[in-house]
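Read the single chain below, which is given as structure tokens and is the form predicted alone.
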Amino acid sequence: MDFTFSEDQIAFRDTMHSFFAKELPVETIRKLWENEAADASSIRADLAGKIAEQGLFALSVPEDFGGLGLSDVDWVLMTQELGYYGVTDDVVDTAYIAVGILAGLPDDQPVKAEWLGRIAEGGVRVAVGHPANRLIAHADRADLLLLWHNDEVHAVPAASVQVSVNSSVDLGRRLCRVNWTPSPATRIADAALGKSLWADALNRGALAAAGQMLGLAQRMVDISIAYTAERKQFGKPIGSFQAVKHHLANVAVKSEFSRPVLERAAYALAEGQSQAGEFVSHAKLACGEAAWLASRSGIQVHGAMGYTWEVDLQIFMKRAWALDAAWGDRAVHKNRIADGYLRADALLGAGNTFN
């Protein structure tokens, strides 16, 4: 069995890494965090257009609707890059989670063809209102909202909702309360179909959050390494001290042990395996622990100043904290694992590992 990514997958990951390194430096993120800045809107619009040119919005849109038709396995590499560079939720919510919901609709549903095509072109944003999230990310900037109501799926135009923005520890993450009125005109999937679509959306949302947290953990390690190479005590860089090395090495170990868990979850989801939900929850927990350890260790090696506004670490640290509670907190995912593995007919043991 081949567990490696293809050359095309690696090449696309590397391309996006180079793209974000050029187009989204920390200075740009800081401008986007300052929502009142005069040029923030133009920066967002320009960045969105360039991301669309790279093909990211078309990644998992089916080929019949103008996309590339790729899978969750391809996204598991992309979400790590999105996390590493602190890309806001509206990209993954539109290009991955919303696409998954729309692609699962019947072919005769007009909303499916219209919006999948528009997403592939990269000119729109779709916000997803799942019951796992009390607030909806970037709903105030969405062109369309996919909303839950008694397991039904409703496609609601932005003009038909009332939105109020809540504050977040991650200033690049606009969390919104949405008031709207369900109606037959907005319903695009009944409760029977909607239940499975929302279950898939939860898995994709949690998987995306896990991938981003793993990318954030790596970014926090890189920032901390750079700082410890420059900061000196007793005439030597503090990174040469063994106690400091241990902190960052522990994060590297935690991250590397969570990486195969994340990739297994993506494969299980792409293949429709029965235990995909448990695997996704395991990935969310493992990557969340790596990100939290990276946050704590980063603050410690910075001498606690890592939490201050002037230090770049705090940007990625706060984003990791926010994503840890998104798409189900730790209690939700621990319970999903317990329900999956403690039931009488659970598929356990070596004989079921690769079945």
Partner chain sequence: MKVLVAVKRVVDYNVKVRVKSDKTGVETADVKFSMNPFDEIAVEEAVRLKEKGGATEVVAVSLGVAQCQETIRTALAMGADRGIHVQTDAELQPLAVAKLLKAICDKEQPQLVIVGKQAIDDDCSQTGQMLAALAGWAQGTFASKVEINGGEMNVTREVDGGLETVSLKLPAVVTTDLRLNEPRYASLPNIMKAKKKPIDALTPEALGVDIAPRLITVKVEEPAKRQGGKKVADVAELVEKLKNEARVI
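Numbering follows the first chain given and starts at 1. Values in this document were obtained by computation on a predicted structure and should not be read as measured data.
Heads up, the form predicted in complex with its partner chain isn't pictured, but that's what we're talking about next.
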Its partner chain in the predicted complex: contacting segment from 46-54, 315-323, 302-310, 26-34, heavy atom within 4.5 Å: 46-54
Heavy atom of L70 within 4.5 Å of its partner chain in the predicted complex: yes
4.5 Å heavy atom contact, M78 to its partner chain in the predicted complex: yes
4.5 Å heavy atom contact, L59 and its partner chain in the predicted complex: yes
K195, W198 and A206 all contacting its partner chain in the predicted complex, non-hydrogen atom within 4.5 Å: no
Sequence-ordered residues of 9-29 touching its partner chain in the predicted complex, heavy atom within 4.5 Å: A11, F12, D14, T15, M16, S18, F19, K22, E23
